[in-house]
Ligand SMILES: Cc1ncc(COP(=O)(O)O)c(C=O)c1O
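This document starts with one chain, in the form predicted on its own, laid out as structure tokens.
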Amino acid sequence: MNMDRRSFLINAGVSGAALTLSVSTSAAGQVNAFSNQPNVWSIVRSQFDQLSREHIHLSSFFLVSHPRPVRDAIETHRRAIDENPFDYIEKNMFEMPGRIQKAAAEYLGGSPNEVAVTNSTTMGLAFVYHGLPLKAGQEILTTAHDHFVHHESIRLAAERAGAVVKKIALYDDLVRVSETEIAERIRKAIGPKTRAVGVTWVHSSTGLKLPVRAIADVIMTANKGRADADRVLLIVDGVHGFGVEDESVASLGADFFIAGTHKWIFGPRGTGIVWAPAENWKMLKQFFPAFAEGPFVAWLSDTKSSAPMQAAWMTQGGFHAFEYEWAMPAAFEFHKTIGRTKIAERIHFLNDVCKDGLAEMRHVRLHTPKGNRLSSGLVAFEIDGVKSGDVVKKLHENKVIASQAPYREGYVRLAPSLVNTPAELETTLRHIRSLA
């Protein structure tokens, strides 16, 4: 089918077919013409027409407000299910996961059969770590900077297998941190029993962006001479880089990449993906029933499937909020329409405005590296003499939605995104200056 990408955003006229089918290559040339319009970001912002205009939203990374094309897709599926639940579910239950895989693969690189559909980063991490063929005494290496759900997924999987968990700090001073230091600390921490290295692409505690490719190179070197059963696997929680960075996930070097799609991707709430090379899926153990052809046919014939594990088998069976899950292609299409490079440039520009403004304030301690080499879409800071929770409260009183990081060091966080403008950031910085 053909679609004018500019009309797609301006009118948000999404047909039922457009919700599930990717735009043809003949429309690809429309992207640059659309993206170069002077008012492009006003048009993008207009798609979030349910988002309150009374507030400056600097925490959209937490949970997205659905843009109009995604909301329309959800409503189309919801209405069809309500009108005829049996027929619509029967028709689409086995077809839609493949369409979602195709849409995700077009965005992140790789092939549809390398993508599993989940409901969150949390679920994806749990499925991967519990599916690993860990042995007693083997080690999972992770960092002191990861989120609760990453640490807990590792801990629970290690306890079941009798494996060991090892945590390391990647730096001593965030102001002076370098790619070389991060990669070198991981290199030194990998030992003979290390089976997996779990890291987070962009830390939600500080906004630090890890050099995943450099870490992957370190692990590749460590794997020389190792048997397949002892190969070190790189597992990446990528949720706060996915949808921000102009990177092909399939070329980062991760063995498993996990992300929710209801944050920076602007996808339906309660959705996520796991990507891994097709060969890597074969090593995982399945522990949750999947509504997929292989397991189902084996059950019908009362036999044990001899086929290796596949990405589609990670998607949990059972009835889900299908109207949300099946609207995922609309989110990837929304990103593709704007252009991944343009999105990355815009988000980094807004975050630079924020970081530069904060760095000029003597009463502020910035905890996010400047520039975009080691930072992404999150900015963390403290104000001397004011508790972070109180800073968030005072900003909220001025209609600025900030957040406090849920870590031991609970810094204030701002996350400028596509729903924001430079003027909103100047207003926010003015309020922060007043807290001196």
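The numbering used is simple: start at 1 and walk along the sequence shown. This is a predicted model, so every value here is computed, not measured.
Unshown form predicted together with the ligand; subsequent notes refer to it.
- With the partner omitted here, the stretch from 219-227, 132-140, 233-241, 310-318 that lies within 4.5 Å of the ligand by heavy atoms in the model of the complex is 233-241.
- Although the partner is absent here, residue 206 lies well away from the ligand in the model of the complex, with no heavy atom inside 4.5 Å.
- Heavy atoms of residue 267 never reach within 4.5 Å of the ligand in the model of the complex, leaving it off the interface.
- Contact check for residue 153: every heavy atom lies farther than 4.5 Å from the ligand in the model of the complex.
- Although the partner is absent here, residue 101 sits far enough away that none of its heavy atoms falls within 4.5 Å of the ligand in the model of the complex.
- The putative spot formed by 122, 149 and 407 is fully lined by the ligand in the model of the complex; each residue has a non-hydrogen atom within 4.5 angstroms of it.
- Among the residues 355, 77, 263, 346, the one placing a heavy atom within 4.5 Å of the ligand in the model of the complex is 263.
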